[in-house]
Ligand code: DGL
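Take a look at this single chain, the form predicted on its own, given in structure tokens.
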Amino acid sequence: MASANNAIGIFDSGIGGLTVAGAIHQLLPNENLIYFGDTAHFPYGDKSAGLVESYGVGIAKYLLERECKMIVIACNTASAYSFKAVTALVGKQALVLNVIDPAAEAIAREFPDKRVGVIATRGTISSGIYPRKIKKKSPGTEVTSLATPLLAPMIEEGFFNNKISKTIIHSYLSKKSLQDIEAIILGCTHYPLIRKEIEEYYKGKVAVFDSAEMVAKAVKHQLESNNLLRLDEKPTLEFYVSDLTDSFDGSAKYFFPAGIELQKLDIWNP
């Protein structure tokens, strides 16, 4: 097992995982972070399960080479399709956490026997992982799901908090399958960037859950349980992408206002 001074590795298909990285940094400001956004293969949501699994395993291998003490799969689609393979690869070398379990556990705990909606990429919805995990813990909870494939690319391109995003969001949330829900899970780590717009649509009548804060708390709990919390100050924060995009740098400022040094790293063709 790695030492407390080793970094937490976080990966996603693009900028969405920055919502998780930001929450972890806010809750655990002393932790070293290594973030990898696989922008060259974005989006994961329309890829096959096998391909997404291979991407997750490939990134995990890189993070293990960097001796990360924990790997956070900060992508719902990758969590659905690569968590088991990544966990098997990592073994006892590091801790592994996905973004689905903390949200599913919170819904099962707080909304038993209620009607709950899930919006996510096609890949995450097709996997059926949210209904399966929620109903395992709370059989009486009714889970209704909707694939919202335009949202992640829209956010990745920087279109949020404007008329374009509002129109697309309203088109999705007005679908029949999402009527009469009491809570909604933002089943993609990109979606917290449009959380305000979603909350405005529901006017406080529907509880909105995103996994970032819940994942950060789960990270803290696991590190504490394994005596791996870093106490030293002045952490190092490293941000890599497999393909440079202008929108990534701009969106990063929402979570790391001091700015980040973004580097291109092609782990697929070393």
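Residue numbers here begin at 1 and follow the sequence given. Owing to the predicted nature of the structure, the values given are computational and were not obtained by experimental measurement.
Note that the form predicted together with ligand DGL isn't included here; everything after this is about it.
Trainee: Given the stretches 232-240, 55-63, 41-49, 217-225, which is the single one in contact with ligand DGL in the model of the complex, using a heavy atom cutoff of 4.5 Å?
Mentor: Contact-bearing stretch, as computed: 41-49.
Trainee: Find out whether any non-hydrogen atom of residue 152 is located within 4.5 angstroms of ligand DGL in the model of the complex, and reply yes or no.
Mentor: Flag for residue 152 set to yes.
Trainee: Considering non-hydrogen atoms and a 4.5 Å limit, does ligand DGL approach residue 118 in the model of the complex?
Mentor: Residue-level check for residue 118: no, no contact with ligand DGL.
Trainee: Does residue 82 make contact with ligand DGL in the model of the complex, using a 4.5 Å heavy atom cut-off?
Mentor: Looking in the model of the complex, residue contacts with ligand DGL do not include residue 82, since no heavy atom lies within 4.5 Å.
Trainee: Is residue 98 one of the residues lying within 4.5 Å of ligand DGL in the model of the complex, judged by heavy atom distances?
Mentor: Taking the distances in the model of the complex, the answer for residue 98 is no, it never comes within 4.5 Å of ligand DGL.
Trainee: In the model of the complex, which residues of 66-104 put a heavy atom within 4.5 Å of ligand DGL?
Mentor: 75, 76, 77, in sequence order.
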